[in-house]
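Just one chain follows, in the form predicted on its own, and it is written as structure tokens.
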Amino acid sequence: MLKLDSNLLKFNLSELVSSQEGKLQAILQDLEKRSTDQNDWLGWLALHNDSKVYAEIQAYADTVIKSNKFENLIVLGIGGSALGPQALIQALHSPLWNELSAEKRKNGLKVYFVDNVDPDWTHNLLNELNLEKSLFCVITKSGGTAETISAFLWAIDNLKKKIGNNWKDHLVLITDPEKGTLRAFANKENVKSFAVPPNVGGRFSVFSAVGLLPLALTGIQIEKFRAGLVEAYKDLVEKKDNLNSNIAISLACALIEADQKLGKKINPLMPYSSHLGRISDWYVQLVAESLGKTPQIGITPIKAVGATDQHSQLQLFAEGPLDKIIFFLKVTEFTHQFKVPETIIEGFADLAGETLNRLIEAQQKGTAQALAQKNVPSLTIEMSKINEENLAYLLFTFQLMTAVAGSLYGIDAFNQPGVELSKKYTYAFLGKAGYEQYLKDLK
């Protein structure tokens, strides 16, 4: 489903993978074994097996859409609870999705994300939407994320005022199956909810209800994602005999080699598709929180979108510090052909009759070659077309790449102590009980 072109790297990737084949096979075996351990964080590797969950999510979403009761889906979540569904929805829907008529959306819900605590933005969004036609999807694995719960408390208060006794019908929750304040609330109030498996961390949760429920509520048939995941698992985890054909392994090895041997510690992911722009945001969190664990090692991922960022960041990539390895993401078959018409503007006759399809392909190839001339290594991931199966395969590839890179680095790719410390100091500044010592430490 994906192809990899690594010709513009400054090392032979195939030889690199082959030289470590035994070690890499052992890493895959270890990850696969740990995926069933409820006390480990590898549950995302096995999400494709849970066809029952996919069916339950799809059935609920179909019922909501057919009821014609709701027009808006308001997703309350932050970090991994928002970036995954945002990436998938942007990839598969029109950029004007929320402006389309119900008929054109086939009654799939418009979708809005509250993924920050900016008071002005949050106020403007929540107060402009018709709550009587809105369904709130509240996502927090721990059940106690302050940013998300703050907006949720606003939703409860205003739904009670405007909806009355049926306010709970406007809620669906995604959280831990047993622990946390949100799970306790769901059980007590009998609010519809879905679970994030205990052994699936936030940034690896895109193929749980976290990513799938918002997508299904916009009308996407999520079983197609499971088909892509099944294929990815077979190709990238189960097959261990020819690791040179394993894109996740190749990407992980390229990152480590570029970092440790070439000093390339900055990793832009640059999709040549606006629909895939949010994939870069999701990728940045995945890699940054997973591999950024020590001052001595690690990759700093950054977002770029082609051809847009050829006009903003490319100068830095080409002639700035030689500390980057670029991952290009290329779509070979766009859904539409966009032909440039004849022109009366002098000097642009060469564009007449050309297509944006060929233009964006030429720009990606041209940028990669220009960077190679400047000693900037890159590789290109080719996706045939943007659809559910290919997206599932791509995101799973990046997840496995990150896990393998963590093993090669010798670090825990699944914890996030730096994030947790920030949360503790935030609670201390807010005066929350139990965090007094952190404030004393600061003083």
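Please read all numbers here as calculations on a predicted model, not as lab measurements. Counting begins at 1, following the sequence as shown.
There is another form of this protein, the form predicted in complex with a small molecule, and it is not shown here; the text below is about that form.
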Find out whether any non-hydrogen atom of Glu257 is located within 4.5 angstroms of the small molecule in the predicted bound form, and reply yes or no.
no
At the 4.5 Å heavy atom threshold, is Gln90 in contact with the small molecule in the predicted bound form?
no
So in the predicted bound form, does Thr145 come within 4.5 Å of the small molecule, heavy atom to heavy atom?
yes
Any chance Leu159 has a heavy atom within 4.5 Å of the small molecule in the predicted bound form?
no
Interface check vs the small molecule in the predicted bound form: of Asn387, Gln58, Ser35, Gln416, the one with a heavy atom inside 4.5 Å is Gln416
Answer key: of Arg203, Arg278, Lys330, Arg226, within 4.5 Å of the small molecule in the predicted bound form (heavy atoms) is Arg203
Candidate spot Ile78, Thr140 and Lys423, all three touching the small molecule in the predicted bound form (heavy atom, 4.5 Å)
yes
Just one stretch in 110-118, 246-254, 285-293, 355-363 has heavy atoms within 4.5 Å of the small molecule in the predicted bound form, so which one is it?
285-293
